[in-house]
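Before any questions on how it binds or moves, here is one chain, the form predicted on its own, in structure tokens.
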């Protein structure tokens, strides 16, 4: 029984890390630009399929490095051409726009790569278990967790130690004052959007190696990512990270004790947090 619980916790941490990576990107975009980006899962799928197409030419590691960057470039273009047109309007406009983009991304990936699932090739040595007793803990899973930790750590460094990060953080508090101080808000929003989409693209490549490829690969991750933001608190990257890991572990444990509630448990957690602390665990009052 203890090994079964350990398996559930490990699986929950891995899934929760995906939620957190997606949610942090979503939180960045929502906090600065007030855009509810329902197309985030579509960008994730694009990143995964781009890596799949490049792997025969540049290998697994090349695809892992290049695909998220290309996805971020697509995000910068989409933000400049479409998303920027709804800034300052009712958030419903951005919600409807990105909701439509999500369907467009899904149909485009289905048209180009087909509707059937595709296997994503990961180096064989990464797929081997670390030991016989920990058969469920493969090198790829450890690598994913380590890489996500490094990327999140680098993002926190960017947000706290660089001029761009400080401007983004200031903009989430008072974008008008940041603009008055001479910061180009248009460029700031564009770069911030690109960073958020980069995280989605990276999550897509990593998820493809774990879950396989299908046009709807982002659909199963997008709603839990929003829940992670709500639980952790909008505007708090630390809270978002914590929220993603919490719902991942809770869902994993629920599969052991109450399998039928493995998906419902995250909604129950969200309801409890909203009742006790509406701004989220580490969020600031008034951000919602």
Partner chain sequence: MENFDIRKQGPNLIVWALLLTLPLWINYVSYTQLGTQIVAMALGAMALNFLLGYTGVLSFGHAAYFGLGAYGAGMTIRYLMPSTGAGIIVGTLAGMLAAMLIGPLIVRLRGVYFAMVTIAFGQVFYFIAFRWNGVTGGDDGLTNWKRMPIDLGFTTLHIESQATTFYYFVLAVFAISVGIMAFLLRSPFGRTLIAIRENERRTRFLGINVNRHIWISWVISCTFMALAGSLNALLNNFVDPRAFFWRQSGVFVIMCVMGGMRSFWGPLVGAAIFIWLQDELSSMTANWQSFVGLVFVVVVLFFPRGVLGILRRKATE
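Numbering follows the first chain given and starts at 1. Not measured: the values here are computed from a predicted model.
What follows is about the form predicted in complex with the partner chain, which we do not show.
In the model of the complex, the partner chain sits within 4.5 Å of a heavy atom of residue 229. Mapping the unseen interface onto this chain, residue 91 counts among the residues with a heavy atom inside 4.5 Å of the partner chain in the model of the complex. In the model of the complex, residue 38 approaches the partner chain with a heavy atom inside 4.5 Å. By the criterion of a heavy atom within 4.5 Å, residue 80 is excluded from the residues contacting the partner chain in the model of the complex. Note on contacts: among 250, 50, 242, 234, the single residue with a heavy atom within 4.5 Å of the partner chain in the model of the complex is 234. Residue-level contacts in the model of the complex: of 256, 58, 70, 223, one residue has a heavy atom within 4.5 Å of the partner chain, and it is 223.
Across the options 201-209, 108-116, 72-80, 143-151, residues that bring heavy atoms within 4.5 Å of the partner chain in the model of the complex belong to 108-116. Residues 234, 260, 262, 263, 267, 270, 271 are the ones in 233-271 with at least one heavy atom within 4.5 Å of the partner chain in the model of the complex, listed in sequence order.
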